[in-house]
Every structure is written in structure tokens, then in C-alpha cells.
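As a starting point, one isolated chain is supplied in C-alpha cells, in the form predicted on its own.
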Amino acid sequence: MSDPRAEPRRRGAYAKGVARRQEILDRAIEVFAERGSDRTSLRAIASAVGVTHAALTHYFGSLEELLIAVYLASGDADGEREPPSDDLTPVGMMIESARTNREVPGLVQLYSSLIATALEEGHPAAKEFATTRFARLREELASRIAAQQASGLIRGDVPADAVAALVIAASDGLQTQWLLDDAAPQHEALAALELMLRGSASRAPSGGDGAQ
């Protein structure tokens, strides 16, 4: 016969484990926000976070899994923000994101490291993270682009999914240039892309009364 006291103990241990994992994760986010990943060993990260190497391995398994958990958890705060307005174009969303990312260059470096790792053999977790993220972003942005093409905010003579892929590529590529050289015209280049994608409804009239 099972001990009726065992289940509450198990639930209590599980809750404590979840809380401890979150505590470690919160501290890891602070560490990575300050200094990025730097391809540091799990042991070195454990020291910086203030836990044992065994504890970090227990909760996250590997360095790759920890990096993914840190990046995903750091993005949870973004979900608490007001959703973007319907008239904010995908490029405009990337411009706002770039402004925010400049405040936490360590996490930007972490993201870039994860994408680079995903391209290497033998890193299935990073590959799944990257491919899932890109597929989700393309789908979300393509839906927004199609709606804005219908309203004339974005030019309608280009496929929405192709525009979505282009916006993501431009954003990530410019972000990499900024990491290497903070003088790179990240915002200006995105603004130029925005201008090229504008539809007739958002174009300023060329003449005094707008007649062509």
C-alpha cells in the first residue's frame, strides 16, 4: 500500500526544484547580459552564477541547453510589453527591437553564438532552437505583412513570406555588424529597407496637391 504522505513530499520537492532552477536561470541571465556567452565552459559559468558545476549540470544538462534556456527566458520579459500596433511594420518592429538590444549587448552576443552553433554538426538543440525560431518569425511577420499589403501600408508586388525572410535576414545581419563595429549604421539601414517596402498609402505626395 502506498504511503499517502509520499505524494505531498514529491510535489514539495518538485516545486523546490522548479524554484531553484528559476533562481539559477535568473542569475545566469544577469551574467550573460553583462558579458555574453564567450563560449565559456559550464564550470566557469557555474562559478560566475554562484552554484556548483554539478547543480548546473543537474538542472540544464549541457552548456548548449543552458544557453538556449537563458536566451528564451530573457525573452519572456518581451511578452510582458504592449503588443505592437497594427500599423507598425515588421521593419519598424525590428528597429524597436534593435534599440532594446543595444541595452543588453551580452544577450545579443549570446543569440549570435547560438545561431553559429546551430550551423555546426552535433548540436541538435541549437539547430532546433534556430530553425523553430526562424520558422515562427517568418510565419508571424508574413501574416502581418499580408495584412499591411492589403491596407496599402506595404507594397503589394512582393510575396509576403519573402519579405518576412528578408526583414529577418537584414535584422540579424545588421545586428552582427553592430556587434563587430558599433558604428555600423544599423538603424539607418533598417530605415532604408522600410522606405523601400512602403506602399502607396504610406508614401508622401510628390507634388503640392499629390497629383501625379
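The numbering used is simple: start at 1 and walk along the sequence shown. Given the structure is predicted, the values throughout are model-derived calculations rather than measurements.
As for the form predicted together with a further copy of the same chain, it is not shown, yet the points below apply to it.
Checked against a further copy of the same chain in the predicted bound form, the candidates Val104, Ala116, Met93, Ala125 yield a single residue with a heavy atom inside 4.5 Å, and that residue is Ala116.
In terms of contact with a further copy of the same chain in the predicted bound form, the residue from Thr176, Ser47, Thr57, Ser143 that brings a heavy atom within 4.5 Å is Thr176. In the predicted bound form, at least one heavy atom of Glu120 sits within 4.5 Å of a further copy of the same chain.
None of the heavy atoms of Gly61 is located within 4.5 Å of a further copy of the same chain in the predicted bound form.
Though the partner is left out of this view, Arg155 does reach within 4.5 Å of a further copy of the same chain in the predicted bound form, counting heavy atoms only.
By the criterion of a heavy atom within 4.5 Å, Ala130 is counted among the residues contacting a further copy of the same chain in the predicted bound form. Not one of Ala19, Ala28 and Ala33 is positioned with any heavy atom within 4.5 Å of a further copy of the same chain in the predicted bound form.
Along 155-190, these residues reach a heavy atom to within 4.5 Å of a further copy of the same chain in the predicted bound form: Arg155, Asp157, Val158, Asp161, Ala162, Ala165, Leu166, Ile168, Ala169, Ala170, Gly173, Leu174, Thr176, Gln177, Leu179, Leu180, Asp181, Ala184, Pro185, Glu188, Ala189.
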